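The chain below stands alone and is given as structure tokens, in the form predicted on its own.
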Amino acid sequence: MPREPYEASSFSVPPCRIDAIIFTRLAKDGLVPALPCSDAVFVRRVFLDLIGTLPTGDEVAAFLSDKASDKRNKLVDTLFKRDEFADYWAMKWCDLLRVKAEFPVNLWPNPAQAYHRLVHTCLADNLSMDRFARGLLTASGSNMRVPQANFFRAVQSREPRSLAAAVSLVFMGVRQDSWTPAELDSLAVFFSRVGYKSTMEWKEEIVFFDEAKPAAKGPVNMPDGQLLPVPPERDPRSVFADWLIQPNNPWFARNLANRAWYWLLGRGLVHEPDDVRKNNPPSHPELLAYLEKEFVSHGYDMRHLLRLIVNSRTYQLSCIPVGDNPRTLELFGAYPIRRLDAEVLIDAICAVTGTGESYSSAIPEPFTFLPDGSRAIALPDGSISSSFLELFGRPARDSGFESERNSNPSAAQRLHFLNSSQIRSKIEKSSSLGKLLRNTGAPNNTATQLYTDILCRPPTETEKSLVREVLGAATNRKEALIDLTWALFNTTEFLCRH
């Protein structure tokens, strides 16, 4: 029997190739997949995973009342068109690309914001990822007028080896210490002629192909065993980009397919997602190969990959595993519960309460104070932050590693939600709380609004009874509603993806 309100009795989407591979592997290991997630769970999950935003109570109600058999697929397509889609995925890419104005990257404010705008525009326009990568890898020009040029500035060291390490991490999923010294030196050849020069403009810097630097002394031995000629008159970065994005390259498409799976399901097929090496094989090689092939055959379209995954039965499993074998979660037999990203969490609190946050940089450079009410997922610069974001593990954007983002709960975080004046102030100022205070009757309606606004689902009968009991016994209705709201904010159901 499905457990209300988290599970459904049957799937509303047909099985796909992803499911065949995952469920076959689970059966081989004697594991049983979880039941499908309910519509209420799905609508919240897919909003958070695709646009980093909670659905409103009205959006939840509309989805739950829709009787169409394909409503989940339609919702996914609708979310791709939302402005928040580019906001959220630009945030993820800017973590990898180290988009940060101040120490230790020192892009400076104007170039950092231009860089963020470039990434945001590419994602909003659904630029193919091979063109996106090539634009970054081959860019020359002013850091302020050619935002792509900031890719080679957002590395703490400008030595060719460091540039090669940054490129391999982002676009190949390989860490520097996974290469042999000879392999890293070979990759460094392609970035040995990157030049930098300042101008008379404040904080402006030109990135260019420096023909005065020595050219490669013959073909370069690539990691796939290919000997790649590097003509002395040609920018070696362009030669590398051509090699990287060719359809049969064994790293580029596979890396992005693996990252897409990690971003949606909390664990890479190769895990960690930026730790690709021979002795860290994928859990499902056939699935990774399938996703890679789909990605390439559809023109390196990232939305196609995301659509494939979220429309699968595997993604739409409940978070309640069958049995207690930890291998079930490792092999994707249930959706993994994990805490919301810091930016998503504070945006969710602000959305529910109708309040805003202030964000600024601690270092007094220009353009580092954003208007009140700015959304955290849309912050253009890693130097622009808040005490909440710092406490809840927003990455420093120093290295480009996925592990820089820390979503593990801590005692300080728990105390903040239980005791902080910030959370209480937001609840007290909440516009939705004001509506509930004006609605002096119908406790069931109060319970429905509270649960739908905060947890994105209607309350169960037991929860309705609890709200009636609390409000019936309260001498101060406002304080009772504040306590109920605060209690829901402190639930795992609110704090986590599930």
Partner chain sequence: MSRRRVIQCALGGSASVLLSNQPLFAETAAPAATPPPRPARAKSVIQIWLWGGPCHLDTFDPKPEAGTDYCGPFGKPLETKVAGIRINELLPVLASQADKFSILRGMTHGINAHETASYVMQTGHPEGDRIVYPSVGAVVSLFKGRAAGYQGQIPPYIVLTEPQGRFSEAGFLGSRYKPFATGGNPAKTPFAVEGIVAEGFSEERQRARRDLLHRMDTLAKDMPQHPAIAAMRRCEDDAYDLILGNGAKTFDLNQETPELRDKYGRSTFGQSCLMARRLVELGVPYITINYKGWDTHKQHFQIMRRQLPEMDKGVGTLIEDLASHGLLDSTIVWWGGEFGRTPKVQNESPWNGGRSHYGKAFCSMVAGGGFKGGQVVGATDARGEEVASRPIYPWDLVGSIYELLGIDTEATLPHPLGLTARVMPGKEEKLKSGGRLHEIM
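Everything numeric in this text was worked out from a predicted model, so none of it was measured. Numbering follows the first chain given and starts at 1.
The form predicted together with the partner chain exists for this protein as well; it is not shown, and the discussion that follows is about that form.
In the model of the complex, residue 103 approaches the partner chain with a heavy atom inside 4.5 Å. The partner chain in the model of the complex comes within 4.5 Å of a heavy atom belonging to residue 415. In the model of the complex, none of the heavy atoms of residue 227 sits within 4.5 Å of a heavy atom of the partner chain.
Using a 4.5 angstroms threshold between heavy atoms, residue 131 stays clear of the partner chain in the model of the complex. Screening 358, 176, 221, 126 for any heavy atom within 4.5 Å of the partner chain in the model of the complex leaves a single hit, 176. Of the listed positions (199, 246, 406, 73), a single one reaches within 4.5 angstroms of the partner chain by any non-hydrogen atom in the model of the complex, namely 406.
In the model of the complex, every residue of the candidate spot (451, 479 and 493) has a heavy atom lying within 4.5 Å of the partner chain. Figure note: of the listed segments 230 to 238, 188 to 196, 391 to 399, 79 to 87, the one touching the partner chain in the model of the complex, with heavy atoms no more than 4.5 Å away, is 391 to 399. In the model of the complex, the partner chain lies within 4.5 angstroms of at least one heavy atom of each of the following residues of 454 to 493: 457, 463, 466, 469, 470, 479, 482, 483, 484, 486, 487, 488, 490, 491, 492, 493, in sequence order.
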